[in-house]
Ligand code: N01
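Just one chain follows, in the form predicted alone, and it is written as C-alpha cells.
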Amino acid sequence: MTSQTDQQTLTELVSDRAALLKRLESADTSPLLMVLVHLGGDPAWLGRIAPHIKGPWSFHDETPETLKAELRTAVADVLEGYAASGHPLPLTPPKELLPAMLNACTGQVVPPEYYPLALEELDLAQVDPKTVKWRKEPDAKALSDFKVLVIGAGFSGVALGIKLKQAGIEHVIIEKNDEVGGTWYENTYPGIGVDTANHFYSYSFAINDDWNHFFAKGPEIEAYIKRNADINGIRENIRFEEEVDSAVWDETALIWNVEIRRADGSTYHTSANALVSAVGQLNRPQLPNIEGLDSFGGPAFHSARWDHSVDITGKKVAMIGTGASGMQIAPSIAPVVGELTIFQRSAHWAMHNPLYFEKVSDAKKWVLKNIPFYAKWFRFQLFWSSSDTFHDKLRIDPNWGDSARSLNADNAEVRKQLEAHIAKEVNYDPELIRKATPDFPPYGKRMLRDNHWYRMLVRPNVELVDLGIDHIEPGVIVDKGGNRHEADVIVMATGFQARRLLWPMNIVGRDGATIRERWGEDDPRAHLGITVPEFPNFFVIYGPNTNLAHGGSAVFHSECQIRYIMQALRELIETGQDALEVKPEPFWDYQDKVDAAHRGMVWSHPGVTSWYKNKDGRVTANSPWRLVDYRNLTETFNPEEYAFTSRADVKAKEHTA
C-alpha cells in the first residue's frame, strides 16, 4: 500500500474503529499476529502468543479470547498509525524478526534453509522472484524470431503462458479441449475437489482472497484458472480443440517441426524453437481390463469422462476403484442412488481435516482481502501445514520392528491415529474395519482427505466388495467369490495411464531417438524432471519424478519448473545459441540420486503397489525430495550441465564434411 489510492484505502479501513475490530474477530490468530509484527508492532507479541499456537492449522490455535482481543486492538492501533502518518507500509518484515515470526506463524521451528522459500511464497518482493528477468536487453530480431510451442492449457500451461508473455517471448499453446483448465476442466464427477488447501494450491503470483472453501471444489478451481488466463490475456495465444500428434527435431534448422490435428481430423504443420509439454501425468484415463466389460449393456464411463446425461437417481450403481477420485465420488452419490456397490482392489488411507467441508465466511474473505499482508501470511501457514513437515514420517527406518505396517516411530503413531479414526467412523464394525484399513504403511500412496468416506460405508445402501472382479455380464458384475452384483450403471474410478508419460504423442529427437524408445512404456526419466538427453530444446512440466505424493502443491512444483525453463530460454536468446541439450553425465547423476533417495522412502516399501512404480519396481512418478529441496535444485539453470549448438556450428560441420 504505497500509492495514493492505497493510502486512501487504508484511511477508509480505519475510519470506523468499532467496525474494524468487529471484522478482525474473523481473523485467525497466527496470520493476524504476523501482520502486527510485519507492520512494526511490538515484537514482544511473538513471545506472548507463540506458546498458544500448537501447529500450522487454524484449529491448532489455543490462544485465550482475552489475548486475541488485545491482539486485535494492537493491529487496529498500528493500522491507524499508518493511516495518520501517511507512511508507506513496509513490503518486507523486519529481517531480524523473520525466524521468530515464521516459528510463531506455524507453531513449529522453521529451519533457516526455508527462509528464501518463505519470502518467495509470501510474495514480499518488489518483483516476483519466480519471474525471470532479462540480464541484458535481448536483440529485438532474436526475440521476435524465437518461438515456443506449449502443449496444454491447464494450471501449468496457463502459468507458463503468463511468464512467456511477460518476457515478450512469442508462443502458442495447443489445447485439446475447447477451454482452459486441463484436468480441472475434464474432470466433472460429483464431489470433485482438491485435497490441498487451495489458498496454497494456487499461483504464488496470483493469490486469491475470494475462495469459497478452504478445500475448493472443481468448478471453483477451474474458474480460477480461467480468470488468470483472461486477466493476463493468454487466450489469444491458445489454439483450442487441437492436439499435437508428433514433434520431430530438425537437426539442421535446430527447430521442432510439429504436426497438429484439429477436432475435425484435419492436420497442419508448424515449427517452434522450443517445445514444452504441460500435459501432466494424469490426463489419459486408464480403463480396467475386465472380461465382459463391453457386454454390460448399461451406461459405463470413466470418472474423468463423467456422463452427465445419465440419471443415477435411485439406480443400482457399481463403482470400480477407491483411489482419490473414488473417495470423492462415492460419498457424493451415495445419498442419491438406490444402491452403491464399491469394488475395491486395495484400501487407501484418508486423513480427517476439520476444514475440509468448511466454507470461507464472508467475514473471513473480508479480512483476507483488506488487511495488509494477511492473505500472504495465511498462505505460508497453509504451505507449512501441507508440505515438508511430515517428510520424515515417510522415511524407512531399517531397524524398525513393525516394518510391514509402518516405517518408523512417527509413522506408527500416524497409523494409530488413522486406525482409530476409521474404527470410529464405521461404528467399530470389525468387517468394515478390516476392509477399510490398508495393509501398507501410511503415505505409501498419497494421503487422501476423508470425504466422509468411512461413515458412508455404514449406509444401508452401500456395499464394499474387496474380493476383486472376475467378469462382467449384462447388468451384472461377478466377483471372484462367485457373488453376483446387479448394476444399472458402472463408474470406473480407475485412474490414468500415468506410466506412459506423454503418450500418445510421438516425440522424435536428435538422431531419430523417440521418447517411447528411450522411456519404454513405463520408465520415463528427465533431468530434474524437466529435460532429456537427445531431445534439444524440449522441456517437460510435471515430468518424471515430480509427482507429489507426500503433500505440497503441484502448482508449487510447476512454478519451480517454469522458472527453470524460462532461465533456459533466456540463456538461448541472450547468448545467440539455438539449441541446448542436457549432457548425459548430469542427467544420469541425477537419476542415481533420485533412485538412491527413493530406496529410503515409503514408495519403495515392498508392501506398496501403485502407479508410482514401473513393472521393475522403480519409482518413476514421485519426487523423493522435500519441497525446499526441489526448489533449491531448480532455482538456477546451470549452463555447464548443457551442450549448446548454434546454426553456425551446423553449417561449419556441413562445410567440413
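If you're wondering where the values come from, they're calculated on a predicted model, not measured in any experiment. Note that residue numbering begins at 1 and tracks the sequence as displayed.
Same protein, other form: the form predicted in complex with the named molecule, not shown, and the subject of what follows.
Of the residues Pro299, Pro331, Gly551, Gly323, just one reaches the named molecule in the predicted bound form with a heavy atom at 4.5 Å or closer; this is Gly323. Between the options Arg345, Arg434, His352, Lys369, the residue in contact with the named molecule in the predicted bound form by a heavy atom within 4.5 angstroms is Arg345. Of the heavy atoms in Asp195, some are within 4.5 Å of the named molecule in the predicted bound form.
The named molecule is not drawn, but in the predicted bound form it has a heavy atom within 4.5 Å of Thr494. The named molecule in the predicted bound form comes within 4.5 Å of a heavy atom belonging to Trp611. Interface membership of Tyr224, defined by any non-hydrogen atom within 4.5 Å of the named molecule in the predicted bound form, is ruled out.
Contact annotation: the named molecule lies within 4.5 Å of heavy atoms from the stretch 186-194 in the predicted bound form, the single such stretch among 454-462, 186-194, 133-141, 246-254.
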